[in-house]
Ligand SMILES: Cc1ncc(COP(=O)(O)O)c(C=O)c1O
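One chain is shown next in structure tokens, namely the form predicted on its own.
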């Protein structure tokens, strides 16, 4: 099927149609495809990706989006509501990240299009910060588990990246970090939590090092920020990772993940307005008028911003705490389920995102385990170095019976891996996908076939 995964069901548009099609026909196709693709998440079998899963919540956000779907927030004179939404989203997120702990209440921020932009923007800021201090060959020090969005930003902005090792608990090794810092280091980076393993780097120690060397520290909370922030209030031993630590100079947290907004929104906070100023781009003498931009994006959808705001104010602190409690509990149950099998082990001490692999003694291929799980419509995320899977727990996974079903299917998956030892697995480690490149190229993901009982051989 290649690039036309629905060619056997719907007509393929291979060139610009001469005439438009009836809206009813178009909607029918959209509804059919979305029902097929959403069905596994309704079963609670998807790792990450679908963070809320509450259809009433989505319907509400879509209504909000509809009022501003046509609005471009560049035109603030036409849509001053965007300024309100943006300011209040930033204020709520700063409060969640204990911005009040910063003397003078100077924490500020911007909205971005997602986690990648929220990781790239601070690197631009720290490059400019370094230039003001005469640093012409800046470098960033971060652990190997940090998100590739930081590598992307460093590539774009001409910043050398120095990758620190991690400990046997899969968090940043501080001795390795310290050995890589020099007079050209403009920033450190750590995660709360890491995408691969859902773990929190030693942010307090990174903060101390940043203060000692007089440099910046970005905390990547894109994935975990809106869930880990509630951990201490719920009685979990979540380490401090936010602005309560004096060396933390910026934090990113995605409203379109555990903030339960629509896709395309994230918050980037800075400790001071002076840092945020370095992100702005201004052309004062352009013939089209004074041009100003707070970040990389120009035009932005007012609907996405309004929906993020609506999600936060509709749930409130109590709503987020309740959901977080369910997710932490479910993640602990999944960890216990994995640990109940002698052939399996959990990597590190996760709170919401459980990474696991086979034990060395078992000799089993974790991706054969994944092949079987995929045949039962479980969509795990494949990892490498070491080969592993992760189950990033979201709200749909907290449904009754999901963990019990996972435990049963995992037992069969382990037996399948034993029976198929020596066979090449079909799945592997491919970011943001539960399948391999070959399966993506072949069109419809094979795990969507509900009639499949065992992985194809």
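All values reported here derive from a predicted model rather than from experimental measurement. Numbering follows the first chain given and starts at 1.
There is another form of the same protein, the form predicted together with the ligand; it is not shown, and what comes next is about it.
Contact between residue 367 and the ligand in the predicted complex is not found at the 4.5 Å heavy atom cutoff. Although the partner is absent here, residue 373 lies well away from the ligand in the predicted complex, with no heavy atom inside 4.5 Å. Looking at residue 295, you'd find every heavy atom of it more than 4.5 angstroms from the ligand in the predicted complex. In the predicted complex, the ligand sits beyond 4.5 Å of every heavy atom of residue 201. Between the options 197, 257, 276, 379, the residue in contact with the ligand in the predicted complex by a heavy atom within 4.5 angstroms is 257.
With the partner omitted here, the residue from 334, 125, 262, 223 that has a non-hydrogen atom within 4.5 angstroms of the ligand in the predicted complex is 223. The stretch among 87 to 95, 379 to 387, 215 to 223, 356 to 364 whose residues place heavy atoms within 4.5 Å of the ligand in the predicted complex is 215 to 223. For the stretch 80 to 117, the set of residues having any non-hydrogen atom within 4.5 angstroms of the ligand in the predicted complex comprises 114, 115, 116, in sequence order.
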